[in-house]
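Take a look at this single chain, the form predicted on its own, given in structure tokens.
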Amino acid sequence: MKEYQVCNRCIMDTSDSEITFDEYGVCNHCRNFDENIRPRWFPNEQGQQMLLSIVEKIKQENKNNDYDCIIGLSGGVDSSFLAYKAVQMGLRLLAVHVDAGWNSEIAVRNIENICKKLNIDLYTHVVDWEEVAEVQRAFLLSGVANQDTPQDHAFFAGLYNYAVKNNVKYVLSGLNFATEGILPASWGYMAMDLKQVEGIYDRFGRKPLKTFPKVSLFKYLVYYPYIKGMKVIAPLNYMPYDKDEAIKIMAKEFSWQYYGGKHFESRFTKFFQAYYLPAKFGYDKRRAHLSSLIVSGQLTRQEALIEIEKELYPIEQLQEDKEYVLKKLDLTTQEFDEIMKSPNKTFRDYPSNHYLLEKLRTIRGLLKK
């Protein structure tokens, strides 16, 4: 067994089974950020100029259309702040919210306040609840780490399908290096691999899926970008993006409320990240989130070490959320306890396109040289 070790620069540790450390005790995630992410991150004047150029191109191409671009709005920090900045830049937004049945009341209020105050048109796609619950139930029974895959796949599939259907070419994404620069691959697997979603559902699902939003790998990698011309832009990587400062601004501008953790605007995600992952796999995703803030300069290592020692899930809140989640997913306490005690699985235990994706990644790397 690998000896326990924590990175000397961030707070990632050996709970990531694939982590490595150099002679100075600095982990591979920090090195990857410096070598591969930082060169593509522009929180400076250069980024401002690049973003202005991108925005002008979007406006010019869409001057005869109703909207310049589409944005997925969850009510969380990243997408909310992105909507605020996009409107400031003069972009005409169409917001899409894909409701998978787990919105917190705070998230709903945030979305309503943002759209009303910024005068953004909103389309809400409500995913058939019985189908979402069936897919999530199947994933829990599969024993894999990334239990957010069903929600995430439905979110992106719903957003991309709606954009293409309505001939909106540009999609604004809240993905950003400032708060998401570190995320161990060993802790999960990409949600856009439909082969994995369908493979797990074929094994553990109970009835046919008729309307669950899906995107095949061909559509995701070829049809949308190369045939339909869809472009996904991540503007937060072209500006200084400080999470705490963004929260202060949004609270002042449109009574935006924080919900206590990264992606905790979803009640399921909160339960999954704060209980399922640490209790079953020993993964505390706060380590990755706090480490991302360290390497992007928003937090000191000492501040992160103090934060990680705070209680992850108050027992009363955990019990309330556990009862809520199990009831919604039609699972008994005994069934869930058996899931938690069953052997842990990885995405490699089920069908996936991982081999194909790795080949494509290698080819792209060679073409860039």
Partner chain sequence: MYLRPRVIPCLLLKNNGLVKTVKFKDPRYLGDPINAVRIFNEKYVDELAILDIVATKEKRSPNLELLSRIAAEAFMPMCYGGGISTLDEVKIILGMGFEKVVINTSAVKNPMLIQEASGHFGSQSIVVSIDVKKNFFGKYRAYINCGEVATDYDPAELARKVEQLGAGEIFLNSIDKDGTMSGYDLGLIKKVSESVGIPVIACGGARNVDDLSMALHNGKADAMAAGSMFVYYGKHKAVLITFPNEEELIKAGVFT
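Positions refer to the first chain, counted from 1. All values derive from a computational prediction rather than experimental measurement.
Just so it is clear, the following notes concern the form predicted together with the partner chain, a form of the same protein that is not shown.
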Testing 153-161, 140-148, 126-134, 239-247 against the partner chain in the predicted complex with a 4.5 Å heavy atom criterion leaves exactly one stretch, namely 126-134
Is every one of Tyr67, Asn103 and Glu112 in contact with the partner chain in the predicted complex, taking contact as a heavy atom within 4.5 Å? yes
Would you kindly say which of Leu299, Leu194, Ile120, Ile233 lies with a heavy atom within 4.5 Å of the partner chain in the predicted complex? Ile120
Selected contact from Val168, Val295, Met190, Leu94, since only one has a non-hydrogen atom within 4.5 angstroms of the partner chain in the predicted complex: Leu94
4.5 angstroms heavy atom contact with the partner chain in the predicted complex for Arg267: yes
With the partner left out of view, is Val108 within 4.5 angstroms of the partner chain in the predicted complex by any non-hydrogen atom? yes
Would Lys116 sit within 4.5 Å of the partner chain in the predicted complex, counting heavy atoms only? yes
My question is simply whether Glu307 lines the interface with the partner chain in the predicted complex - judged by any non-hydrogen atom within 4.5 Å. no
